[in-house]
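This document opens with one chain alone, in structure tokens, the form predicted alone.
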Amino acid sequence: MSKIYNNRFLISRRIVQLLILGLFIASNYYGFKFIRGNLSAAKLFDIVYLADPYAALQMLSAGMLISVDIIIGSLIVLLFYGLFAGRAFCSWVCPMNIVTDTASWVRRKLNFKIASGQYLRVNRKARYWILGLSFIVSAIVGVAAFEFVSPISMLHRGLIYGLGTGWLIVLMVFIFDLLVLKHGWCGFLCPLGAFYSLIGKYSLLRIEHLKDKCTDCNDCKLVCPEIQVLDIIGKKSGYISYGECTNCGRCIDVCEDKALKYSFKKLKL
């Protein structure tokens, strides 16, 4: 029971990720009305439109006309993550998270001694440059540029409609994270993660650190894919304020001191 409890948020994330994927598959294959479409554009219960705001912005950059449904769906998603959940999409919804987490788990089990940047030096801000570049390229070529090369879209659509050759891109990301750069895709390169980092910077849902309980064991830093967000650990109490925090809860799982917890940021009136 303690092992389940100590992995409660990891298990919860996997359940949510697989449940969302299962609902997409069931709706598209069997005609259920849970959620039709994919992560780029979907319809919930055949009533509520949901859309990827990053994809919509790329389409606008490309000079494409987008429907009112896409605009409304994008605003719903934007407000949900911007006001409430932060970058939780990356850890609770994105199917690539399972791939990159698996690469991290295999690396730890095989005791691969690689550190971020040991074989390839990449600045974490590179993802923001890629984010900006995706809009520029979209404007030049007239299509949503990142959507054509996104391993996220390839994996999600592939699992619903058939993976095809998209598995090669997914495998490349897995090998990259496993052998080349620790947390390489999600932590350094993914522009969608950069997008949600920006819009979720001031969201209400946060990880809170309690300094009085912390023994500075640093177990949280061993599992965090965005180690830079934990700079207050052992130093002061407060919220993890960085937008890059994925709200995955893994740090809470491994903290035996109970010095970390989910909390809602207090609004300053």
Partner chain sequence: MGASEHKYNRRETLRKMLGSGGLFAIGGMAWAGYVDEAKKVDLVLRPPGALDELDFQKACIKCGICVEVCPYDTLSLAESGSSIPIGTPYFKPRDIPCYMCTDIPCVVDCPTDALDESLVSIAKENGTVALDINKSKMGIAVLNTETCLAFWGIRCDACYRACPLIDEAITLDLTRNERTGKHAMLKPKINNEVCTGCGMCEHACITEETSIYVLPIAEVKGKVHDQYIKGWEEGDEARIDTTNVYKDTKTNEQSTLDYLNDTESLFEDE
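Quick caveat: nothing in here was measured; it's all calculated off a predicted structure. Positions refer to the first chain, counted from 1.
The form predicted together with its partner chain exists for this protein as well; it is not shown, and the discussion that follows is about that form.
| message | Within 4.5 Å, heavy atoms only, one stretch in 75-83, 97-105, 148-156, 171-179 touches its partner chain in the model of the complex. Which? | response | Looking at the partner contacts, the answer comes out as 148-156.
| query | Does its partner chain come within 4.5 Å of any heavy atom of Ser134 in the model of the complex? | reply | Because a heavy atom of Ser134 falls inside 4.5 Å of its partner chain in the model of the complex, the answer is yes.
| field | Partner proximity in the model of the complex: Asp69 to its partner chain, non-hydrogen atom cutoff 4.5 Å | value | Asp69: contacts its partner chain in the model of the complex.
| field | Contact flag, Lys43 vs its partner chain in the model of the complex, heavy atom cut 4.5 Å | value | Output for Lys43 is yes: heavy atoms within 4.5 Å of its partner chain.
| request: Classify Tyr49 as contacting or not contacting its partner chain in the model of the complex by the rule of any non-hydrogen atom within 4.5 angstroms, answering yes or no. | output: Residue-level check for Tyr49: yes, a contact with its partner chain.
| field | Within 4.5 Å of its partner chain in the model of the complex, all of Phe24, Ala62 and Ile130 (non-hydrogen atom) | value | The answer is yes; Phe24, Ala62 and Ile130 each reach its partner chain.
| Can you pick the one in Lys221, Arg36, Lys211, Lys201 that has a heavy atom within 4.5 Å of its partner chain in the model of the complex? | Looking at Lys221, Arg36, Lys211, Lys201 one by one, just Arg36 meets the 4.5 Å heavy-atom criterion.
| Those residues of 161-176 which, in the model of the complex, come within 4.5 Å of its partner chain by heavy atom | In sequence order, Tyr161, Gly162, Leu163, Gly164, Thr165, Gly166 come within 4.5 Å of the partner.
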